[in-house]
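We begin with a single chain expressed as structure tokens, specifically the form predicted alone.
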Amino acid sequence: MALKGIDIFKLTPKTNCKECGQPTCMAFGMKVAQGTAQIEQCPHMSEEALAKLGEATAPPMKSFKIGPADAELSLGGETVLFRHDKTFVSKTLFAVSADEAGADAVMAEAAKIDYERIGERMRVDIIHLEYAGDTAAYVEAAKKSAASGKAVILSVSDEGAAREALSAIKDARPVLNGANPDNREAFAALAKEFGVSLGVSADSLDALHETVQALEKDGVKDIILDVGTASIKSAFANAVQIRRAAIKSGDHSFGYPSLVNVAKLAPGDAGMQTALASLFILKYGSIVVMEGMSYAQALPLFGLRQNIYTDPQKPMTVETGNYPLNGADENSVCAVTVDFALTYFIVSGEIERSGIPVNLIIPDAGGYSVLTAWSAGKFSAGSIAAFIKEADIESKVKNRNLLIPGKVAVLKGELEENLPGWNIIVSPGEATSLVKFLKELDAA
């Protein structure tokens, strides 16, 4: 960040009015410098100061959105090279590629990938439509792609075909990916006319940099940098060098999201495309284009993406409370587990699969797994009993059977002392055994 806390403080009104949520203007300046507050939170900042601070505190990579308004996707906004330094901001987006002839089949397959993991919807984000020469068919394929509800990338370097496709789906806010040093002026005009993001490629990083600078002078604001498909080695090197130039050197002409077309880097090789997609989740693909995606590819890729694009300073947690599953009421059995999101969704998923009504109680366990929370003293007989009393669970639930995780069976005796009148039942050590266990418990 270009300005320090004291520099930001000098531009504030220095009234200590507290309307920004901070006790003093100095504290506000320090928060803005740390990136934990926004300059717009001060209602008394002058326009001149806002303009100066806005430019100085803007992230080294521009952020913007693509796709239809009701399902828009975020790109850019990155501030660090390594996740452990702070956090990555905009998750890698996955696109499946097709030309006008194969678009229907690709969209049908892409629609099959749609599931939830730890509270996040996992699906193919974008249809990447490659122009193969038939303009009329391309426009129809563009319409169908936009109608799917997914974002669309129009990968076309023919100005006429690009114009017709953009005219047909302009409300879907597609990405026009086809600018290069030769057609830069025409494509810059198209991007401005239709208000879309523009993908740009070149034979070398130097040529790419010069083309981006020219596009910026032409007034194009939202740019996506194609890292190229000459080879896997060059694509990887370009992605890293572009990101380093933006983050470390403050090169604003490389401060844009990137696109990596692994479908062209490893055509026909689904295994290699999956491996490359995982590589570019880490280094530094904003959009990764694949030939297609099956569940066998989606499960590891989405899992990796979710792990990488979470804030390492904040544990993944769910809200504390009582979660009635399968229509549970006051007479249903109770179970308790930690607030670590992954544990919650695994356990709740198995309970839902059993069909047995269960009140799943989630106390504050620090966002740790069961054994980690127990060893850290965050998930103890005392803390569980205290939460049940604080949340007034006893007045809301008549059933006094409480299931505890099998891995902390040692808590049974102490819990019985802390919760008189409750029957503490040790459930299996693995969530996968819960379905059978609950059905047998219900039948008993």
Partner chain sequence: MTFKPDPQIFASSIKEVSFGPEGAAVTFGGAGVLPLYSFDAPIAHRPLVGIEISDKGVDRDLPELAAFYDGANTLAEIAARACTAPGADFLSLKLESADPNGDNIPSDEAAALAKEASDASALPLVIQGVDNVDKDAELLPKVAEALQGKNALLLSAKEENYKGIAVAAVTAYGQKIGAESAVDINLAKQLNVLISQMGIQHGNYVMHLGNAAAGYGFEYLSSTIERVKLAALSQNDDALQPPVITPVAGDAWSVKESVVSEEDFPEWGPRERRGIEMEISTAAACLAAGSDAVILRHPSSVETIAKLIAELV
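Here the rigid core means the biggest group of C-alpha atoms that line up within 1.5 Å when the two forms are laid on top of each other. Numbering follows the first chain given and starts at 1. Here the structure is a predicted model, which means the values were calculated and not measured.
Unshown form predicted in complex with the partner chain; subsequent notes refer to it.
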- Query: Pick from 210-218, 131-139, 153-161, 179-187: which stretch has a heavy atom within 4.5 Å of the partner chain in the model of the complex?
  - Reply: 210-218
- in the model of the complex, Asn16 touching the partner chain (heavy atom, 4.5 Å): no
- Message: How about Gly102 - does it come within 4.5 Å of the partner chain in the model of the complex, if we only consider non-hydrogen atoms?
- Response: no
- Query: For Leu205, is any heavy atom within 4.5 Å of the partner chain in the model of the complex, or not?
  - Reply: yes
- Query: Quick one: is Arg121 in contact with the partner chain in the model of the complex, heavy atoms, 4.5 Å cut-off?
  - Reply: no
- So which of Arg83, Lys143, Lys170, Lys192 reaches within 4.5 angstroms of the partner chain in the model of the complex, heavy atom to heavy atom? Arg83
- Query: Does anything in 272-299 come within 4.5 Å of the partner chain in the model of the complex by heavy atoms, and if so which residues, in order?
  - Reply: Met272, Thr274, Ala275, Leu276, Ser278, Leu279, Leu282, Lys283, Tyr284, Tyr295, Ala296, Gln297, Leu299
- Message: If the two forms are fitted on the core, does Ala202 show a Cα displacement reaching 2 angstroms between this form and the one not shown?
- Response: no
- Message: Superposing on the rigid core, I want to see if Gly133 changes position between this form and the one not shown - specifically a Cα shift of 2 Å or more.
- Response: no
- Note yes or no: does the Cα of Pro312 move by 2 Å or more between this form and the one not shown after the core is superposed? no
- Checked in the model of the complex: CA of Tyr323 to CA of Arg117 differs by 3 Å or more, atoms lying closer
- Item | CA-CA separation of Val347 and Ala111, closer or farther in the model of the complex than in the form shown [shift of 3 angstroms or more] | farther
